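Starting off, we have a lone chain in the form predicted alone, written out as structure tokens.
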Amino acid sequence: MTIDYSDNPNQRTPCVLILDTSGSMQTATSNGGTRIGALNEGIKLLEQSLKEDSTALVRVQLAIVTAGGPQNEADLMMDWTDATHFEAFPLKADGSTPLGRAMRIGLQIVEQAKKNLNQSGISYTRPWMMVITDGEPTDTNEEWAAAVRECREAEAGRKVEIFTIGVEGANMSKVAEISSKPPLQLEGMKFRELFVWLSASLSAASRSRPGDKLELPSTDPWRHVGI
């Protein structure tokens, strides 16, 4: 996807969301909803929060890759979109969890985003990749190993910042393989709190200069303290 930067030459902070939309995300929650419903509410709140922040609105870019869903595949559901044009859309849960394939797509589009920004003369902070899953990857061992290796190499090469979030029931030892940073576990179904944190964190990143050390908001409002 080509973005026209002529009317908004501001620095960008790209963030790709790697979202588990497998069948297990249909699991009912204590409030009568489902995990996928709570995730969809969180994404709507992310849109709202970004659009209420005048700096993030013109500097944050989002993309969404899903693992699972009706196609039972890893899919780029939304290519790079500036926050000002971002409109949340409902995700459906079904199928298995090809998380490794989704992560590799995420890494590919991060590199494409950087290429497009460079070609357009737009500065950017280090892109983010946030992986959110509630289950066990169903990729083959070879696919998973390759995806983990690519994530670790991209992280070590300072090409991307990777954050991993396990929803209740996730195989946290598997999630821990993705990044050198320890994984965080969501407390209950606090997707709303998670996406409020993400919006505030992206806002902080968008205000920084490339190479700055970031002080991110506390994860206490949504993080399970047992992990």
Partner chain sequence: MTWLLGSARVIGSSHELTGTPCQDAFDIERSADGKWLAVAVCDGAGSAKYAEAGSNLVAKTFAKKLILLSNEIENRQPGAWINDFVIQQVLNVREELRAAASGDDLRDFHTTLVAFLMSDNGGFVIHIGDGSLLGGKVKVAKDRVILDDEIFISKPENGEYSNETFFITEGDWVKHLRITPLPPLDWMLIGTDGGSSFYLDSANSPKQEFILSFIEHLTKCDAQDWNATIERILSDEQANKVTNDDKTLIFFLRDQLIFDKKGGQFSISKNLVRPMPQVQQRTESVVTNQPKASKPKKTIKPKKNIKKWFLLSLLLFVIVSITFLAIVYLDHSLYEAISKLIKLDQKVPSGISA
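Everything quoted here is computed from the prediction, not taken from an experiment. Residue numbers count along the first chain shown, from 1. Just so we're on the same page, rigid core means the largest C-alpha set that superposes within 1.5 Å between forms.
Although not depicted, the form predicted in complex with the partner chain is the subject of the following passage.
This chain is displayed without the partner chain, yet in the model of the complex the stretch 123 to 131 from 123 to 131, 142 to 150, 93 to 101, 77 to 85 comes within 4.5 Å of it by heavy atoms. Although the partner is absent here, P217 is not a contact residue: none of its heavy atoms lies within 4.5 angstroms of the partner chain in the model of the complex. Using a 4.5 Å cutoff between non-hydrogen atoms, K174 does not count as a contact of the partner chain in the model of the complex.
Mapping the unseen interface onto this chain, L19 falls outside it, with no heavy atom inside 4.5 Å of the partner chain in the model of the complex. The shortest heavy atom separation between R158 and the partner chain in the model of the complex is within 4.5 Å. Along 65 to 100, a non-hydrogen atom within 4.5 Å of the partner chain in the model of the complex is carried by no residue at all. With the core superposed, P210 shows a C-alpha displacement of at least 2 Å between this form and the one not shown.
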